[in-house]
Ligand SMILES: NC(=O)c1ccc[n+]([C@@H]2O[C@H](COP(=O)([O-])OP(=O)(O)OC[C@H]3O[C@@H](n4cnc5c(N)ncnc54)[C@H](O)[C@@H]3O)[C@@H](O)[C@H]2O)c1
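First comes one chain, alone, set out as structure tokens in the form predicted alone.
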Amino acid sequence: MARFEDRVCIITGGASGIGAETARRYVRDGGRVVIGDVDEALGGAIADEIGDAAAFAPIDVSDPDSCASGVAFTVATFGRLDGLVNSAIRMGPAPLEDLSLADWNKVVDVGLTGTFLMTQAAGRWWIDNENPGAVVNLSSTGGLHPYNLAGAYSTTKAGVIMLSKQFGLEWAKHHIRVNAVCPGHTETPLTAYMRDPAVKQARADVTPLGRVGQPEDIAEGILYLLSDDASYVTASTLDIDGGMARSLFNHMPGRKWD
């Protein structure tokens, strides 16, 4: 039996990158998905590519009414809701001394507040209907370590980790699991610098597993946390980064024991 047979998942930020790949693989494993995104053209194209087991919903995660509408659309379209993946993010890189309030807000509003609002909307439906559920929130190794010159990104992603832990503990009694994943450098439309072969190789060289991550690497970790294989896992964080976040001493000058 496929892991997600008769199950339905909303994937916000699902129009590209990790979100889109997670949607493809969720359906391949028997499930149905709603692609939630503000990019209607790209999100609709991904849903069309996947087929009848996918639908697109215009979801602005920074708007609580839009989040609630996304949940209602999912239930009306597929009859249920079992999982949620929050991968929507916006970028506003700048040194903190130059960062505008508008750029701070746009990253926090989508990446952190949006994760809160969308998780809340799904959780309210599960609690009201006495259904279990599983949420996976995308943080980043940038939420474990400061990402200089990235504006509000690291603060937002660190907040996602703590928010996931708090939701996971508060909702455990409702059999709703909430976890976070922390991808390392991953080749997606957001990481345009990876198109430079020299940059991509340099990134691979400082990763213990010797390569840059791909969307499918992250998607498989997300699917694990959504599945019954992780039925005893909540309020936890899964690093998917080829060992990068733990490799500080690999890069220190001095004696080596290779």
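Every value quoted in this text rests on a predicted model; they were computed, and no experiment measured them. Note that residue numbering begins at 1 and tracks the sequence as displayed.
The form predicted together with the ligand exists for this protein as well; it is not shown, and the discussion that follows is about that form.
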Students should find that, of W126, F167, Y153, F78, the residue having a non-hydrogen atom no more than 4.5 angstroms from the ligand in the predicted complex is Y153
Contact with the ligand in the predicted complex, heavy atom within 4.5 Å, among A230, A68, V38, V199 goes to V38
For the ligand in the predicted complex, the stretch among 172 to 180, 86 to 94, 68 to 76, 127 to 135 with residues bearing a heavy atom within 4.5 Å is 86 to 94
Close approach of V110 to the ligand in the predicted complex, 4.5 Å, heavy atom = yes
Quick one: is T119 in contact with the ligand in the predicted complex, heavy atoms, 4.5 Å cut-off?
no
key: Distance check, M244 to the ligand in the predicted complex, heavy atom within 4.5 Å   = no
Any chance V61 has a heavy atom within 4.5 Å of the ligand in the predicted complex?
yes
Taking the ligand in the predicted complex and a 4.5 Å non-hydrogen atom cutoff, the residues of 133 to 163 making contact are L138, S139, S140, Y153, K157
